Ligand code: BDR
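Next comes just one chain, in structure tokens: the form predicted alone.
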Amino acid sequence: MPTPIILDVDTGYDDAVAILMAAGHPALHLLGVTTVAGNASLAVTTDNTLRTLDAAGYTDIPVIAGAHRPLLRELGGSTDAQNQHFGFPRQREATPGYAVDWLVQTIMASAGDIVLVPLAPLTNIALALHKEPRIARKVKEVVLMGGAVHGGNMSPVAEFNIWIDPEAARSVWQAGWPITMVGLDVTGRALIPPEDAARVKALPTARAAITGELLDFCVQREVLGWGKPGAQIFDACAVAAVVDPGMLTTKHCFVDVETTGTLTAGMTVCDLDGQTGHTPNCHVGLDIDYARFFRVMLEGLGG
């Protein structure tokens, strides 16, 4: 039976690829997509999510808008590349209601088999936990894109999704549910070179054609513009890890999030060596098998 999953997104380019992979992979059943402010405002992330799904023909998958700002901080950090509306056709409005309520209702009504896949700042997830703490016992697993063992992309130590709303992230790590962290240490080792981007674009499906357009932009920007060997499609790594967890090399350890540091807010502090003595609460991704990752991507986009 396919694994039921929920995606929580702030749809820019990498979220869109992850959404299409999840919608199309035969091993997954995408129950719905909740949106949050992050890469861009809530209006943009929700619109882009609808455009991504509708253009690929997935108009039956509900899209529910959520939090328009972090718990305590102002929204910041978006870039011109992410903070724009996609040009894909849109056929509908978002599902009425509030993402936090929908998450609680859907998870509590489930058989305890849902994998929650946050690919964005964790504001919606933290608010859902606050509204109904029992969801932490009903979710099978949380597989999130965020954080890093070493380094960051918004500060020397903080990754974007955690940096945007560190207070929300800290509550998610403290909830007591199984977490796998797919952070920068993993996504930076799964760069998609131009020749593999071309393989995706050649697949005979609408979702592959859309992904091909997104990858073309990323290759132009990151490979030709920045000199990287490939495009970093962060969020796709987390979706792929739900399908094939063995593609990740992980360490089970204690993770906490820095919320008060002047220079370190948003840092995911990963106690790989057990120095704190705290009970491990997260399987932290350290590496990824690119060949297995790309195989799952092809399965999701071209099956």
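Residues carry their position along the shown sequence, with the first being 1. This is a predicted model, so every value here is computed, not measured.
The form predicted together with beta-D-ribofuranose is left out here; the points below concern that form.
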item: Candidate stretches 246-254, 45-53, 233-241, 263-271 - the one whose heavy atoms come within 4.5 Å of beta-D-ribofuranose in the model of the complex; value: 233-241
item: Gln84, Thr95, Asn153, Gln220 - the one with a heavy atom within 4.5 Å of beta-D-ribofuranose in the model of the complex; value: Asn153
item: Close approach of Thr123 to beta-D-ribofuranose in the model of the complex, 4.5 Å, heavy atom; value: no
item: Partner contact for Leu119 in the model of the complex: beta-D-ribofuranose, 4.5 angstroms, heavy atom; value: yes
item: Distance check, Ile179 to beta-D-ribofuranose in the model of the complex, heavy atom within 4.5 Å; value: no
item: Distance check, Met145 to beta-D-ribofuranose in the model of the complex, heavy atom within 4.5 Å; value: yes
item: Heavy atom contacts to beta-D-ribofuranose in the model of the complex at 4.5 Å, residues of 32-49 in sequence order; value: Asn39
